[in-house]
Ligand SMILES: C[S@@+](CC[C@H](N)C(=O)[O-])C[C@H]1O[C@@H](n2cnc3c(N)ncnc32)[C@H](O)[C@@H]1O
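Form predicted on its own, single chain, as structure tokens, below.
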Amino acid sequence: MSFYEDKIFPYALDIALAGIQQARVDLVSSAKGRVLEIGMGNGANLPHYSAEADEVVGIEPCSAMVGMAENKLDKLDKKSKLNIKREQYNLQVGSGEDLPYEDNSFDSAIACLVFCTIPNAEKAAAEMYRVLKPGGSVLFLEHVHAKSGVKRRMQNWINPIWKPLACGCNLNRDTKAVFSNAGFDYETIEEINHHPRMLPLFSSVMRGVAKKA
């Protein structure tokens, strides 16, 4: 990874996503049981898990970000600002496209602003489906393609420029279809805009809950 990807982009991302902070908190705090978070990044979501989570397994391909997440947890633990015990977190370097976990081994999964970036979204969704228990839930908040119109066409046009600047993030991923094709059934789904005035081309997100049959 480059200095930009390791040291600059994670902080720029936190600033850019401040407008959906409460949505992230609501999403993560509702996870229950043994939880898998793929693409956890620098650990922005980790403080928001509630006592409903028995174990939080976080996986992230960038070792520098895993180190940042570990440091974040250690600091919060010293200040008694974690809702679960420090030892209930298990952070690992790895890929969401090749999860090193057994079938039917998680109660919940968190997909938070990762499927726009992961190289093979279809494979990652299939892997997430595999490791969830029957009846398990994926709780998602994902950056997606606009539904239609000028905004959708502009996203397609600017994506080749945006992608390298945003460390692989795509403006035009149809994550709704990706989850459906993996076998998930939507329990709730909402498509919204965050920062609609300031960043109109980058503001399309979907959030909700999808279930494994």
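Everything quoted here is computed from the prediction, not taken from an experiment. A residue's number is simply how far along the shown sequence it sits, counting from 1.
Keep in mind the form predicted in complex with this ligand is missing from the figure; the text below concerns it.
A heavy atom within 4.5 Å of this ligand in the model of the complex is found for exactly one of Pro47, Gly67, Pro61, Gly183: Pro61. Contact between Pro100 and this ligand in the model of the complex is not found at the 4.5 Å heavy atom cutoff. Within this chain, Leu36 is remote from the site of this ligand in the model of the complex, having no heavy atom within 4.5 Å. This ligand is not drawn, but in the model of the complex it has no heavy atom within 4.5 Å of Leu132. Put simply, Leu113 is close to this ligand in the model of the complex: some heavy atom of it is within 4.5 Å. None of 100-108, 114-122, 132-140, 81-89 except one has non-hydrogen atoms within 4.5 angstroms of this ligand in the model of the complex; the exception is 114-122.
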